[in-house]
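Take a look at the structure tokens below, where one protein chain is shown in two forms, each on its own, as structure 1 and structure 2.
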Structure 1
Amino acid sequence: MKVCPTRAIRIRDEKSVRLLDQCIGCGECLRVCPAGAISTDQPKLEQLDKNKFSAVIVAPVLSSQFPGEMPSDILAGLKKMGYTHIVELSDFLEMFQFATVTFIQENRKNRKAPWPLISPVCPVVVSLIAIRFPGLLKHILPIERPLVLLISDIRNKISRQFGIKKDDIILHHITPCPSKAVLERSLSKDERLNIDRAFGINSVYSALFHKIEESKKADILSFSRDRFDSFTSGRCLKWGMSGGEISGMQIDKSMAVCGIRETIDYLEKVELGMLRNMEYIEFRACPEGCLGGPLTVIDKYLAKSGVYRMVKMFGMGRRLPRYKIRRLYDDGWFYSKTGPDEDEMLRKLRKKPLSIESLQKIDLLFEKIRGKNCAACGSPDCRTFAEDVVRGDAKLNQCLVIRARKAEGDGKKEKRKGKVKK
């Protein structure tokens, strides 16, 4: 309850209750629960419908979860699981980096956006800004993140390429982050990303591991050249670790920050204007970036070592012609259609604003409690409890300090009454 960066967890009647409107899917509660009692709300991996065209979008960090395995073996394992088509993000990551560098170069001249610009890639960070630092929403780079760029027209592309109906396409996503499922739960079907199901890496790991072994045994004497053309970009492989986004961009005044506490600390510095000399900041809510995601399996440092080995093997070369990406950029293809202030998902995360009178009540109540943030009331700290009381989500007598003082006052009254009678 105390580690939640948006104070989204309460304990009422000895049961843990998560306020979904404030949960951003960072997974910090998963990391610290010593009993492992907290789990993510993930769909179960089921047998794929053979009558449907099954496609899966693979996060770059997936390859780091199988140290020593070639990326092509992982893709072959996914095929063995029943997926007809594997969609990987490498080209879209490269396009995003080009669009980001171009936007920053233009902004140096026209100064239309404030410094520093903040990466939009980590959805947890964007949601955190919307809740705790709404004044920094204007700092978020107005370029769509790579996954959104990919899925914007993915069904149409698959339909045209394979000659099948869009309704016959099942689209899955394998991710290290629970934020997608959490943030989209409150949205209508029309407002969601165009993905049928999102699975955590930990939920598919065992099945995929066995399929990789099967694939390696079956294909030990045969090689398919096209299998080795995917995931061969060091840019893509490095993307899952902290600093991987900016390592492929020529931005001198940039920095990478990872971990939810460090992210909050540096967002406070941005808010205070202490980092105006920076042009771009890559924030990742997880330690070591997506390699430390709550839904990963392999130790993040072991995974990081494996990524460095693969990057040495494949290099950091570019795969796409610059002029084609530039044409898309000039056509406005990369730009977000709605700003962070207009994003429906971010709007639903925010609490109802309080009046000045309510804020004054919170201050008075907080002074009255003068507790030590014991959390026995079921709220993470005294100020949050005071806000819960004002909002009507808690009762004042739930505070042990208030109850103890009341009991002490009642005891003194009884003593005075006894003296009067004598």
Structure 2
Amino acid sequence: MKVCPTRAIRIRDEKSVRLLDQCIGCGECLRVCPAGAISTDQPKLEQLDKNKFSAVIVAPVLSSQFPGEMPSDILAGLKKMGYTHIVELSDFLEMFQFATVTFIQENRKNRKAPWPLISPVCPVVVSLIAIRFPGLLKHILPIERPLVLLISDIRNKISRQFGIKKDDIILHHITPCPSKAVLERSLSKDERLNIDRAFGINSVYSALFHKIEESKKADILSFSRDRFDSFTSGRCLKWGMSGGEISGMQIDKSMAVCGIRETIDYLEKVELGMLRNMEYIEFRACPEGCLGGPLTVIDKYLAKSGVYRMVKMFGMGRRLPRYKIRRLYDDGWFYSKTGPDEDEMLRKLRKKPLSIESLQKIDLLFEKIRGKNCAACGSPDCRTFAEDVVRGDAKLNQCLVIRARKAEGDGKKEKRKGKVKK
């Protein structure tokens, strides 16, 4: 409850946990809850319909979760699970990076957007900005995230290539990120509409692990590859690490920040007008980047060491011709269709504003409580509790300190009364 960066958790009636709209899906609560009271609401992995065309989009981090396994073996394992096609993001990351560099170069001349620009990639950071730093929304780079670029027309592409109806395509997503695993909370309309099911890496891990072992024993060439099955690139492997996004772009004045606390600290700094000499900041809500996602399985530092080994093997070379991406860029293909501040999901995240009077009431109440943030009331700290009371979501007598003081006071009064009687 206390680790929640947007104070979105309340415990009511002894143990029921309530999640408010302000949840941004960072998963900090998943990491710390010792009782396992919090879990992600993920669908069960079921048998895939053999008659349908089923593709899975894998997050760049997946290959880091099997240190020592080759990406081709992981691909084979996913095929064994029943997926007809495995789509990964390498090409879209490369395009995103190119578009970002181009935008920054243009921005140096026309100053359309304010410095520093903030990476739009981490959905948790974007939600965090919407709730706690709305003034910084205009700093978010107006280029669409790679995953959204990919899914916006993957269905069309597959249906054209193989001549299948769009409805007969099942699209799954495997991710380390709680904000994406719970689809209905996803920020992007494209994600909500186009992905049928999303799974955390942890929920498919053991199944996939066995299939990889199985497929390694079998003939290596037991599956056929086509243009929708792509192997991961060095660029893609690195993407899952903090600093991976900017390492593929030549921007001198860029920096990478990771972890939710650090992210908040640095967003405060940006808002105070510091870091104005930076052009681009990559923020990741998880420690060490997506590798440290709450739905990963492998220790983040082990995964990181594995990634470094693989990057050495694959290199960071480019795969796509620049002129083609340039043409897409000039067509406006990369621009986000809705600005982040227009998205209805983001608007829903914000709390109703308080009036000056209620803020004064909260201040008074907070002073009256004089508590130690014990959280026994079920709100994360005394200040939030005071706010809950003023908003009408909690009752003052839920506070143990106030109740104790009252009981003590009553006791004293009674004693005094008693003395008078005698």
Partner chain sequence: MAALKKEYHINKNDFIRAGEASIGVKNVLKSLDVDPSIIRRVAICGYEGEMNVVMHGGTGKLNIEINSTNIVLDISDNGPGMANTELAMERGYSTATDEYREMGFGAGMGLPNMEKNSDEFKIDSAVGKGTRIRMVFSLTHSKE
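Under this definition, the rigid core comprises the largest set of C-alpha atoms superposing within 1.5 Å between the forms. Values in this document were obtained by computation on a predicted structure and should not be read as measured data. Sequence positions of structure 1, starting at 1, serve as the residue numbers.
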Only one structure is the form predicted alone, namely structure 1
Could you check whether the CA atom of F366 moves 2 Å or more between structure 1 and structure 2, using the rigid core for the fit? yes
Superposed on the core, the Cα displacement of R403 between structure 1 and structure 2 in Å comes to 2.4
